[in-house]
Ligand code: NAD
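A single chain, nothing else alongside it, follows as structure tokens in the form predicted alone.
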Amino acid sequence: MLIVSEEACKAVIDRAAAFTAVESVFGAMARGDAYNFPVIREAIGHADALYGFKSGFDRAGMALGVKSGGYWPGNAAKGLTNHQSTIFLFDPDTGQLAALVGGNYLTAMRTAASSSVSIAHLARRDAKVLGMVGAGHQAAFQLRAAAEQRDFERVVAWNFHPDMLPALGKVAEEIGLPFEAVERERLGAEADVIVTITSAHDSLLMRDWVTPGTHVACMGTDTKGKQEVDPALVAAATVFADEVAQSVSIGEAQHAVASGALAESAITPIGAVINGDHPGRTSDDEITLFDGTGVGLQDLAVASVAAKLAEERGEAQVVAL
């Protein structure tokens, strides 16, 4: 069995590797070659934590496993990442445990890869302004990944706590993009691509603020009750998702679908666009929205690549079962 630490994952997985792994598994899902098992995610009644399991099987990539972990909101004050997880990979032929892989860095990388895949396939080619709603730990990963998908000229951003924005501004500076903290209305009016990455439970981005042709990647809503954007915006957009079942139950689309403003049948798996079975964006005036709920197969895809590369490069610890 392999043990792949957080440091080993950082050594072997970059944004390009994460993008390829996530794009491939989304395509496999849409073809029916990979499927997720039902998600378990519960408040444990201690430390305000959410804890659960995401699992699945990718027949195309031969990845079988489970990610166990959750969200501990008090961790930042302890110098720890709020999201904590570990990925267990099993041999699909025998069921034996094959690898134990650190999940914190990989979760951040696969989440950012997911939104960047949506930008690559759905955003207008001439998109120039990137909008960031949220400035927490994950936002830096999102910004770096998104910036690689279009020739952006600047970044506008908003966060609940404005004092967190300068750190995100430094990330933009590192990649050579001018950065400005703005109010949400202005962000919606100016941004061609908007990434929302918060833990909000109410609309932060309203329909009337978003201009025609915008691509919105909603990346923070992954639990029943969470919400980042106006349901009217979801209903007005052409909606794509990592997985439709999660989108309507725990994703951003849950509210629009529950109200009857959006039909579940109107949501398209992003894998269908990747595979060429759906055209994706059909006009420069179309608002497209990606509901990135975060599926277990994303974790398994990047963890499988991490385990393979770590073994090849001597970064993994081998232990006997």
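Residue numbers here begin at 1 and follow the sequence given. Just so we're clear, the structure is a prediction, and the values are computed from it rather than from any experiment.
The protein also exists as the form predicted together with this ligand; that form is not presented, and the subsequent description refers to it.
In the model of the complex, at least one heavy atom of M164 sits within 4.5 Å of this ligand. G294 belongs to the set of residues with a heavy atom inside 4.5 Å of this ligand in the model of the complex. Put simply, S199 is close to this ligand in the model of the complex: some heavy atom of it is within 4.5 Å. With a 4.5 Å cutoff on heavy atoms, G131 does not count as touching this ligand in the model of the complex; it lies far away. Though this ligand is absent from this view, in the model of the complex it lies within 4.5 Å of a heavy atom of just one residue from L143, M219, V239, I194, which is M219. The listed set N159, N75, S249, Q84 contains one residue whose heavy atoms approach this ligand in the model of the complex to within 4.5 Å, identified as N159.
Relative to this ligand in the model of the complex, residues R15, S118 and V155 are all farther than 4.5 Å at every heavy atom. Residue heavy atoms within 4.5 Å of this ligand in the model of the complex occur in exactly one stretch of 93-101, 220-228, 145-153, 123-131, and that stretch is 220-228.
Contacts between 118-154 and this ligand, taken as any heavy atom within 4.5 Å in the model of the complex, involve G134, A135, G136, H137, Q138, A139.
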